[in-house]
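Listed next as structure tokens is one chain, alone, in the form predicted alone.
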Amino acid sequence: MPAPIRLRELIRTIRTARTQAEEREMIQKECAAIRSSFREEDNTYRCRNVAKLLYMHMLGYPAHFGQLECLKLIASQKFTDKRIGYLGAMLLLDERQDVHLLMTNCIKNDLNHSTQYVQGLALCTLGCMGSSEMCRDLAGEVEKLLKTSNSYLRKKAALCAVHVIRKVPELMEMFLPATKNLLSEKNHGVLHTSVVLLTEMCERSPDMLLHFRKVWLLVPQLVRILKNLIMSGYSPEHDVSGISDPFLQVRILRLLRILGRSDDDSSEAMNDILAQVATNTETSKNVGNAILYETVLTIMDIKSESGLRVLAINILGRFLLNNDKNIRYVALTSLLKTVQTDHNAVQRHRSTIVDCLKDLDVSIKRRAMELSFALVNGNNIRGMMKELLYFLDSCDPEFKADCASGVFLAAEKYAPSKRWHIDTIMRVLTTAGSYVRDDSVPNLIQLITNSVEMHAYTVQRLYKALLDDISQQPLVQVSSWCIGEYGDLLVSGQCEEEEPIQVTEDEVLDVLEGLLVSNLSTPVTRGYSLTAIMKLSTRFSSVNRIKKVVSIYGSSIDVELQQRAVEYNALFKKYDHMRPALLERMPIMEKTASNGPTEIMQTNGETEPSVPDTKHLPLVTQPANQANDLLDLLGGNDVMPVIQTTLPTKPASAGGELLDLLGDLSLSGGLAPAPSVPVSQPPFLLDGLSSQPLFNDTSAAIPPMTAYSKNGLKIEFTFERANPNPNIAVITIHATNTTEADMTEFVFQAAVPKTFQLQLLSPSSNIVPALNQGSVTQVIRVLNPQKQQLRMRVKLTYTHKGSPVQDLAEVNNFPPQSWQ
């Protein structure tokens, strides 16, 4: 068989390939020749073939068939064979493959070899890919080599010990005696690897960390080594850009950081050397900057003196002036981590940080923006907001959302006056309205509502902004809401903060009608506009024009807009006497802290988050979108709303469900959808039951009844009488399913006449098991102070065999004991 080509020739041949297909063909041809050579047990060229195989592996081609050949090379007595064999083992083998265990004996023999270079190969291989089993078997040999006088072997043994500790942490104490003498070595390679080994031990074991601090007194030893490095003269062997062994300095600084963390004595011992490193290190080269950065991290992480921390922050401030973008980014990131603990020191570099907002690099701009917001306080709010709003005007779209949110939060926290607060948020809406968060609109509405003295000024500013640009939807929504609430102030020209503008009622209505037909308006914006026009029917004299606009949208293709228009038309016709009271101005909305989730309070059709004031609450509270829909559909103030303890499952469709469920206006005060997510409950008249037994012993006298039985679904009512209030009937529903398939997404809803009050508690489940294998239970509380006959209309929705089912039923045959 002819001699195979050399590795150099193979590389040259592969590089001449013009296409990937041609390269693959060459590789496949050579792999076939290598396989043939392996089958013939050709010892002469095995080393050459494995070397070529490793090159192919580096190019991404499969080379697993050479694993056993690597083991044969390791077992060879020739150093050149061992070198390629160990290299192949490190590249082609790992601990997930059982083949690597066959190497254990060879490595053990080579660790005891008479030649240091063979021992070095074995240490490198064990430290690279040794499994936990191999590490346990060979840890003794590694520990022996740590004690040898040969510096070449000691540094390799130290790195191998790091790998052993990572694989088998319980072997850590084995290396402790041998490690103690490593720091007294003058060889920098041994020093470097010993610091790496000590760092690994400290990170892995708190007990070992305490031992190094208190018993070994490791900090003074490290301080001495670091001081020698700084004070030593020029050494060509270790010098890098005029700095003596920066790699060892960085490693020592990292170990000092671990030793000084949360320890006063260790921190005190290293304060002086850290100050010396920070002041004596040359910053003209990147090597010096790397050491300074590690020094800063160490100072910030230990219990250092305040002056030393200021020095560290000043170093980061100098980094911000560096031309290297990576150094500026590192400085901004580090300052962002320290701004909470050393706020005043970071404030000194505020102008430099703000200048980074103009950087072309997007990563630096983002870090500078985050740090700028962290620096905002009550003293610099005006200046910082000016810079950040300028940044918001010119920044890329990817920054606008985060920047707008940051401006909102900072303005809310540190606003010097309400007018400044409103002007700032309006500036954001004008500049980046399409990028603001969803809650910005209700938050601004609440701010405007609570700023009574600013109503005329605000509505005038928003009206002007609306004339200039209607593309920013949040701005348009806030403007529409304000014009609807305070349109009379706009027309009357009562603004005192700036020169009032002359606006007629028709001009205002023209603007709002333009929003309804604009292609830029979203469905939500159109809803705001229609509601604003409706509100103006009690503030303007152009009632006939408003009636005409509202009636047009009664047949809108947008269901939400259509429903609003239909309800508003009903207010004009049947309930016109109630219209002024329903559309009067919103009261001041109090925003107080709450442990529970924020309630959603109604604002004439628009929702905004607020927390209800429990001192002024009526006996009941209503879910979002339903209370107002009830007013619209049933006639308002004489309706008895439903007591609701939890948020509704489907609030968006509540209006339509009311229409379906109630049918006529003689029925109930409300709809009680099945609740799903518990929230903090407001006080209501049934709360007094919690401290006493819920039911009395006479409840057994009330017979149960079947309220519904259809399509395999059966609803049974059982009754209890609440204690101590005999006017409250507690009804427990039991829903069972006789079909062969589960009924999922089961929701039970109920409505009662307006002389009753009804409360639905959470159901036990939303799945009714098949074949009567279980039931869903739910408790209804009904207050019947007038002892009238109980009537109830129920609505059932569920999914059965993949198809949605919906049904209505009326229950009038309640046993007399349940309501008498």
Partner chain sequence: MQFMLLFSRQGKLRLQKWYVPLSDKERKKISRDLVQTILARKPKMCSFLEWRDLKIVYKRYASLYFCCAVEDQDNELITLEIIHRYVELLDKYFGSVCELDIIFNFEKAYFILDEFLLGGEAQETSKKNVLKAIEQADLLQEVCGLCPR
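Positions refer to the first chain, counted from 1. Not measured: the values here are computed from a predicted model.
Same protein, other form: the form predicted in complex with its partner chain, not shown, and the subject of what follows.
- Task: May I ask you to choose, among Arg136, Arg545, His113, His211, the residue with a heavy atom within 4.5 Å of its partner chain in the model of the complex?
- Result: So the residue touching its partner chain in the model of the complex, by this definition, is His113.
- Query: Pick from Arg461, Arg526, Lys155, His349: which has a non-hydrogen atom within 4.5 Å of its partner chain in the model of the complex?
  - Reply: Contact check passes for Lys155.
- 181-189, 576-584, 736-744, 467-475: which one contacts its partner chain in the model of the complex at 4.5 Å, heavy atom to heavy atom? Selected range: 181-189.
- Message: in the model of the complex, does Lys358 come within 4.5 Å of its partner chain, counting heavy atoms only?
- Response: The answer is no: Lys358 has no heavy atom within 4.5 Å of its partner chain.
- With the cut-off set at 4.5 Å between non-hydrogen atoms, does Glu237 touch its partner chain in the model of the complex? Yes, Glu237 sits close enough to its partner chain in the model of the complex that at least one of its heavy atoms falls within 4.5 Å.
- Message: If we define contact as a non-hydrogen atom of the residue within 4.5 angstroms of the partner, is Ala21 a contact of its partner chain in the model of the complex?
- Response: Flag for Ala21 set to no.
- Query: Does its partner chain get within 4.5 angstroms of any non-hydrogen atom of Arg83 in the model of the complex?
  - Reply: Judged by the heavy-atom cut-off of 4.5 Å, Arg83 is in contact with its partner chain in the model of the complex.
- Query: From first to last in sequence, which residues of 313-331 have any non-hydrogen atom within 4.5 angstroms of its partner chain in the model of the complex?
  - Reply: Contacting residues: Lys325, Asn326, Ile327, Tyr329, Val330.
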